[in-house]
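Taking the form predicted alone, here's one chain by itself in structure tokens.
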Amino acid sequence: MIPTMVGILLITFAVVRLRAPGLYEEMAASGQSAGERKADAKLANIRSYLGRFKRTGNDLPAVLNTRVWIEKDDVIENLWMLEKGEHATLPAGDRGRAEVELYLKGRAYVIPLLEVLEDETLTELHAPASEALTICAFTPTNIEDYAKEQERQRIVSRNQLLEKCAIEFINTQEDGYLCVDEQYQTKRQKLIEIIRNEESAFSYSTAGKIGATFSETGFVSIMGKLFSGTLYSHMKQQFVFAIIADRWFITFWLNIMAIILAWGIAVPLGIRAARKKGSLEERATGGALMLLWSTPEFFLGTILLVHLCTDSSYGQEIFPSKGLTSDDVWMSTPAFLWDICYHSFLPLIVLTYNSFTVLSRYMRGQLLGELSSDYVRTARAKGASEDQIVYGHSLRNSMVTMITLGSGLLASMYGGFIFVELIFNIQGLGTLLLDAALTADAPLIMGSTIVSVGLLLISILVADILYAVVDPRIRSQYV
């Protein structure tokens, strides 16, 4: 179960990571110029996005962090690449993107940038290094990351000091990097002092670099927040599991009711079809089930919505088209239960019909196989009635395959429920996942995936237990 969950989450993370835009693209989409030369405006724009990137793990490499092995010479090369003067190696269109990517390197680049700032022979690079350093050392104070207010305030104070220490400069084709800040030396010394005082927060030992290569990654970051319950949705401004907690019971109970209905219809229908094999009734039932099975859920749901839930020239609506309860909250318990049944009648039909059509056909096939076996012929020869043969012998043996098929029913219904919620305007987990996908809300997508995967694994676990209930041969291995 655990490898299955990790594998599915890894695939989901990869898809979300590929879908998510980078920091440069985010800023460009919002109309903020990533190449803006005013230091205060540009750095403020970048800082405003770093908190969101940290929430999704996009501020770190996906699965392998090689940044921690960066040395001073590598940083010097990066800084010269961004110059517009004689050292320039990047075309103008790529310079803004490379600059923003440098700012996103975070903790791993702090000490190498500090070494550049301390080197008296690299005066020309001091100003751009200070700008990059104030961003790389900037720590977003997201609400979910700091349980202690005192620690959060300390980080906020350090961030504010860093913001004031960025040395102003210009970057032109004629002069390259040119410092224009009258407080250049004061800011430089202050910045060196801030970082040196908290060097332990930014430096790595050799063993620390090896561990960070695998642990300080986007996947580990988002998985840690996922399993600690601190995954936070920037779009909804709430913790992900708090959002899910407000909606899970709607989807859960409707799915449970749909499963009970599907099995309650499929098993008797499959038994009847097997006992009436070759009859006109059996052929008509099989044809109808095949027709229902081939009808998409969204198509049937739309037809029911148009004809039964909408006022038209043919008459008034019969069933409500929105939600699972009426707006009137002052109801007696019987009235409330009736109201829920009334609202959920059509959604349950759409959610159930595709499942029971498949299950009933498999029930028929399995029972027919059992009825042609040797032990059934022996029972008939001893004078057992058909009811005794079907319900006393064959049915339990047929249920092993049915349980296998039904083990994935809960999770598959969760996926199909997206259509049902969308069509009938039900505010459950299905529409929540759809909204998360449309807005690229990675934390909410990962949280919803946990629910879906959890349902799948619970279904498999329940199926394993039911195998032992219906089959004494399996039960004997454990009892």
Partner chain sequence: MSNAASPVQLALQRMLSKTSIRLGLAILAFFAVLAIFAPFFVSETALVWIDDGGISFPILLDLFNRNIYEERYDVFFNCLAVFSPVSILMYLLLRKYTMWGQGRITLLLAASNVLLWVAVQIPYHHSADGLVGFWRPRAVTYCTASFHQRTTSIDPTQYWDHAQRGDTVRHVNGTVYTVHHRSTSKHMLACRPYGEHGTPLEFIPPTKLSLLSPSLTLFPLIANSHRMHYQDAVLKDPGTFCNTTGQSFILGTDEAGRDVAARMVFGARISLTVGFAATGLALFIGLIVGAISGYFGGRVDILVQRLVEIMMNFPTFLLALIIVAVWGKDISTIIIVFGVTGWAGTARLVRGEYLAQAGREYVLAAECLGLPKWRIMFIHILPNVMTPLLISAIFGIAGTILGESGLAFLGLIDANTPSWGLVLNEARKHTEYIHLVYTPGFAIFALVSALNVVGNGLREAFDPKSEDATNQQPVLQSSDHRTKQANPTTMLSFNDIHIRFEQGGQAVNAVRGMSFDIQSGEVVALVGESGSGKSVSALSSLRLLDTSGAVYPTGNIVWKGENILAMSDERLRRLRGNEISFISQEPMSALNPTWTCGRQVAEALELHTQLTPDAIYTRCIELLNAVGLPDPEQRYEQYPHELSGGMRQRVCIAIALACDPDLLIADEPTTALDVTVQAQILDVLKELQRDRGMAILFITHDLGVVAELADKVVIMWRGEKVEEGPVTDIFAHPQHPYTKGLLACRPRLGQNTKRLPTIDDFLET
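Numbering follows the first chain given and starts at 1. Predicted model, so just to flag it, every value in this text is computed and none were measured.
The form predicted together with its partner chain exists for this protein as well; it is not shown, and the discussion that follows is about that form.
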- Taking the shortest heavy atom distance, is A463 within 4.5 Å of its partner chain in the model of the complex? no
- Item | Contact of A381 with its partner chain in the model of the complex (heavy atom, 4.5 Å) | yes
- Message: Taking its partner chain as it sits in the model of the complex, is H393 in contact with it (heavy atom to heavy atom, 4.5 Å or less)?
- Response: yes
- I303: heavy atom within 4.5 Å of its partner chain in the model of the complex? yes
- State the residue from V180, A207, L280, L291 whose non-hydrogen atoms include one within 4.5 Å of its partner chain in the model of the complex. L291
- Message: Please pick out the stretch from 207 to 215, 188 to 196, 393 to 401, 114 to 122 that is in contact with its partner chain in the model of the complex, where contact means heavy atoms within 4.5 Å.
- Response: 393 to 401
- Item | its partner chain in the model of the complex - contacting residues of 184 to 209, heavy atom within 4.5 Å | none
